[in-house]
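Next up is one chain by itself, shown in structure tokens, the form predicted alone.
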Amino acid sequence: MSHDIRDMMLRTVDRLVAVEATRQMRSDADGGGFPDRLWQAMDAAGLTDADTIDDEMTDAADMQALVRHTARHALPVPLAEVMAARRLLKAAGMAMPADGITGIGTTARDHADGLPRLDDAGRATGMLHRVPFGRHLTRVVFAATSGDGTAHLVVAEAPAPAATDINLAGEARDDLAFDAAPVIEARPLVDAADQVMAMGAAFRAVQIAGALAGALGQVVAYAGEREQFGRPIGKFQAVQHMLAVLAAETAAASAAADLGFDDAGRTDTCRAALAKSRAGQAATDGAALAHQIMGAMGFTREHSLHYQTRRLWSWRDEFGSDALWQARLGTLVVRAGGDALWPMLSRL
């Protein structure tokens, strides 16, 4: 049953892409704009809140497949951020927002002394940096600390951006400032900052796997059509070697992304570190190979490959780079000791 629904959701995305994901829509969204018509169509089709369907009909893997498929098409929508926010709220036992767009935000530093502060009246003061789709959010979920140092997971109305910017993909990345702003709900949660970072990183790994699959599909088609010396370039051994490496990197990113979540859709620092560090590496190598096979045609505005590769370069650095997560993974292993390594790996 679940696989039938998953197939139906993915086919729905394909149909929406064919109708709504026009070059004009992508051009309008490239620069911090929001594709209202596409998002409304996804909402009407039940895709933006598909993770709230009865658990017996869909599972966490179905939702990750949906996010991966939207990334395969390089859609400029905050589906991953919305699902990440809902999973964090659900894990903390907090109420799910009924309407609007709820995303997630972090500080520039993911350390406790850089987090927004909650005063005794439950008001938040502090800054969230480069919040995905910040200017388009209705609410934002983030970590904060109270006066006694207790970590909290907080959901609050998203303020107007203190500063606006975009990432390489042209998606909005805005700074959101809170100045004694009332919050909707705050709940004590151990390692709240780590949980927000891990959830964001695990979803970015899923998106990287999807974007790599989209790039691979375009490159394979090109290698079969583009001829040189009277035959398709995909017949040349050197190109075949690059295609094989790109396919291997795509498969590695996919496997790593699957490790990012358990069967219930939860993640933690270890899972996120494994997923994001390997997927980030695959994003770097895979994007370079895709452009090399196409003779750099994908860099041009006229070709669609850059929709995937600009996102790969953006997502590999968001919610922690692969280097940051590799360092965290190493720290985890060293602190746990040699005897804990095998149990740590075997539970994944």
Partner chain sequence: MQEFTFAPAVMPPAAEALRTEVRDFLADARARGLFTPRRHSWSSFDPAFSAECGQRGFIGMTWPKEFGGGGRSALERYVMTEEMLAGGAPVGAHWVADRQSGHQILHHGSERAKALILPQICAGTCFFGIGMSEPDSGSDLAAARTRAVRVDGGWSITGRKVWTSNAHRAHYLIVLARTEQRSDANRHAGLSQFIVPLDAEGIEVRPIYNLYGGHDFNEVVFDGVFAPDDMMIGQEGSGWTMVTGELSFERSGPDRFLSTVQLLLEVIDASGPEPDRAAAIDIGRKVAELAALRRMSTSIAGMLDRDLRPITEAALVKDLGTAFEQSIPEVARRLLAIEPRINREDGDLAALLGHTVVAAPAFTIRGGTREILRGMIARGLGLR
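No experiment lies behind these values; they were computed from the predicted model shown. Residue numbers count along the first chain shown, from 1.
Not pictured, yet referred to below: the form predicted in complex with its partner chain.
J.: Tell me, out of 174, 249, 81, 171, which residue has a non-hydrogen atom within 4.5 angstroms of its partner chain in the model of the complex.
T.: Only one listed residue qualifies here, and that residue is 249.
J.: Though its partner chain is not shown, can you say which of 181, 96, 255, 264 has a heavy atom within 4.5 Å of it in the model of the complex?
T.: Result of the distance check: 255.
J.: Select, from the options 270-278, 88-96, 116-124, 200-208, the stretch whose residues sit within 4.5 angstroms of its partner chain in the model of the complex by heavy atom distance.
T.: Heavy atoms within 4.5 Å of its partner chain in the model of the complex occur in 270-278.
J.: Answer yes if any heavy atom of residue 72 is within 4.5 Å of a heavy atom of its partner chain in the model of the complex; otherwise answer no.
T.: Although its partner chain is absent here, residue 72 would touch it in the model of the complex, with heavy atoms inside 4.5 Å.
J.: Does its partner chain get within 4.5 angstroms of any non-hydrogen atom of residue 311 in the model of the complex?
T.: No, no contact at 4.5 Å.
J.: With the cut-off set at 4.5 Å between non-hydrogen atoms, does residue 216 touch its partner chain in the model of the complex?
T.: Heavy-atom contact with its partner chain at 4.5 Å: present for residue 216.
J.: In the model of the complex, does residue 190 come within 4.5 Å of its partner chain, counting heavy atoms only?
T.: Close contact is absent here: in the model of the complex, residue 190 is far from its partner chain, nothing within 4.5 Å, heavy atoms only.
J.: Looking at its partner chain in the model of the complex, do all three of 25, 38 and 167 come within 4.5 Å of it through at least one heavy atom?
T.: Answer is no for this spot.
J.: Does anything in 125-144 come within 4.5 Å of its partner chain in the model of the complex by heavy atoms, and if so which residues, in order?
T.: If the 4.5 Å heavy-atom criterion is applied to its partner chain in the model of the complex, 125-144 yields nothing.
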